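Only one chain is included here, represented as structure tokens and corresponding to the form predicted alone.
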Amino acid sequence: MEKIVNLSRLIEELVKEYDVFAPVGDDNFSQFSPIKNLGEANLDLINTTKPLKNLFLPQSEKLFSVDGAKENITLEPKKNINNKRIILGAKACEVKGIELLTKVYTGGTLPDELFEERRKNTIIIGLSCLEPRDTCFCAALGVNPFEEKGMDLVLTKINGKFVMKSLNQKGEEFFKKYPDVFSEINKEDLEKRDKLKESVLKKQNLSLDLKEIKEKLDKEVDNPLWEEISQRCINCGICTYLCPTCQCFDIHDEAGKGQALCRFRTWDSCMFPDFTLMAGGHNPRGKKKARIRQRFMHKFSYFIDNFYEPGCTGCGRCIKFCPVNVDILEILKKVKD
């Protein structure tokens, strides 16, 4: 089912029952943040600076705390995450990132309970991508800018109006629950939507063929390319911090008041020199070229080994924000050649 939606009125209804998150900010910095009305959101952003993964795997979060006052030791476990959430305005590459992270964090025999609860309590209202950047290459990874997989509903902006389409039972319930905010869509709007799809796909960077990229990388362990790139890389980690699929984290403890102790989980990066530093002082990836090679091997070889698809969504953030212009597309093309 798809209809024209009065998005402003819909949000007014949603905030009564859900925590609603949407892109907030501008081209200088933006992220998915809580909103109370449509005016607080910026749905014209191509993509937020900070990825959607922050709402499922926060940059830093307390796992539990221990109070060891005197001889009594008490443990404060993690709190259940029961708040129902709406994520509004997520593009296909963002939602694909959550799909990949879901495989990592919930696909094994010991699923991550925090991630699992957040995903279970979240409804995703996606937004079709009408203006991909020249750094975007999602289509090369099989992610259409109009991709609907992983979403419950999807919005497409047509002639200043928003068309909403339901994609599953959760979506169908929206149309039943909030009938007053919807109106029928006409044939002209549907035809306009179909033409938009065609034009957007033509804007995509399709020059990269990733077939057999894993086999190529597996043979390029000693490629001089890694040393060449390392001469520019400054190991700032921005490529991994802003990546919608990078999932590495560190665990550390902090002392609080008295004898209290808190354990935190915090994003980490394979680009940091001490990422693989061992207790005895040995570091198997002490050189930059080894860390750069690891980043590419993880996304386009090891991830495929484990989950049968690359660990990249083609969002282009690592290209856009790299301070020394390391371009993942250029590197993959050189590996292919």
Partner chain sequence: MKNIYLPYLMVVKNIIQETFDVKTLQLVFKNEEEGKNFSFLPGQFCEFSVFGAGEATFCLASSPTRKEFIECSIKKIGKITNAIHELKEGDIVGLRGPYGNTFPMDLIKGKNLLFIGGGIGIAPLRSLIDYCIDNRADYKQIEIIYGARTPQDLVYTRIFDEWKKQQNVNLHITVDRIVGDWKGHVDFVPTYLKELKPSAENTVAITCGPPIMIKFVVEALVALGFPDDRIISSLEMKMKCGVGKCGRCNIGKTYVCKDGPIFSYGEIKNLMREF
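All figures in this text were calculated on a predicted structure; none of them were measured in a lab. Residue numbers count along the first chain shown, from 1.
Here the subject shifts to the form predicted in complex with its partner chain, a form of this protein not shown in this document.
When contacts are judged by a 4.5 Å heavy atom cut-off, Leu43 does not count as touching its partner chain in the predicted complex. In the predicted complex, Gly160 stays away from its partner chain, with no heavy atom inside 4.5 Å. Its partner chain in the predicted complex comes within 4.5 Å of no heavy atom belonging to Asn186. Proximity of Pro111 to its partner chain in the predicted complex: non-hydrogen atoms within 4.5 Å are present. None of 140 to 148, 247 to 255, 124 to 132, 177 to 185 except one has non-hydrogen atoms within 4.5 angstroms of its partner chain in the predicted complex; the exception is 247 to 255. Candidate site formed by Asp218, Leu261 and Gln294: every one of these residues places a non-hydrogen atom within 4.5 angstroms of its partner chain in the predicted complex.
When you look in the predicted complex, the only residue of Val104, Ile213, Leu167, Val200 with a non-hydrogen atom within 4.5 Å of its partner chain is Val104. Contacts of stretch 30 to 66 with its partner chain in the predicted complex, defined by any heavy atom lying within 4.5 Å, are made by Leu63, Phe64, Val66, listed in sequence order.
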